[in-house]
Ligand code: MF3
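Have a look below at one chain only, the form predicted alone, in structure tokens format.
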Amino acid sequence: MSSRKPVPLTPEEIQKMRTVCQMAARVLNHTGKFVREGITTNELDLIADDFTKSIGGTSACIGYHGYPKATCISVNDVVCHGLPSEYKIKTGDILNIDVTVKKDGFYGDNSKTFACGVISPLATDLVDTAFKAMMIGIEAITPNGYTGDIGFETNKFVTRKGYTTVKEIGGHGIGKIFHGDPFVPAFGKRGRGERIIPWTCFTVEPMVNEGVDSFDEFDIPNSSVKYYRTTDRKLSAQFEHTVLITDTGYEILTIE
């Protein structure tokens, strides 16, 4: 576990994180422009991969623990790690596109939930809640604070809206490795969890479910990565940013 522990970044390394995170944001926003009825999630994945290569990056997902695709695309009741396929997007669908780019030995990770055409009022509210939950979690970050501070504010907001947060999956440390410490939950208690270390990076990515917070796990062939669907098959939405912790606050790196 020691190799996963967060270590403060040097100024040069911070600049590399800014660069790769900007690339990840560009890829995500570019790919999202192609969300429309009839396009397959495989086609969206290829668009993301081609654009990543065109700007000098590499998809961090391809080959990660055997994962075969460049992105994770989670449609409707898929909580996360949805595998791109020949599924054709339909009007009314919501889909989270999760993009991680690698450049010069550093990783930038972000995701958004997109809507295809006109979606239901409930889906609209769920997506809006997931975005605001991420931002509220980010706003709870304080240098030398705790990850539980983030989770507490996130969960309080979501439950007051009548939804639930996924407890077992959350944000993670990122930098020279794709996934490291700390675990950044979407629930918790103030002053609990892991200490937030200045000049390190992690993601904030609450997964917000329409119904119950539980999920079912499914295998991805030839990979140790799993994908998850809500137990009650109701909708799930998610947003994600990579954040740099400074000595006075934070900087969101994945804003184009």
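Residue numbers run from 1 along the displayed sequence. Model, not experiment: these values are computed from the prediction.
Beyond what is shown, the protein has a form predicted in complex with the named molecule; the following relates to that form.
Comment: 56 to 64 is the region of 191 to 199, 56 to 64, 27 to 35, 40 to 48 lying near the named molecule in the predicted bound form, near meaning a non-hydrogen atom within 4.5 Å. At least one heavy atom of F178 is located within 4.5 Å of the named molecule in the predicted bound form. Although the partner is absent here, V212 is not a contact residue: none of its heavy atoms lies within 4.5 angstroms of the named molecule in the predicted bound form.
Put simply, C72 is close to the named molecule in the predicted bound form: some heavy atom of it is within 4.5 Å.
Among residues of the shown chain, T154 is not one whose heavy atoms approach the named molecule to within 4.5 Å in the predicted bound form.
Residues are counted as partner-facing when one of their heavy atoms sits within 4.5 Å of the named molecule in the predicted bound form; in 193 to 231 these are E205, V225, in sequence order.
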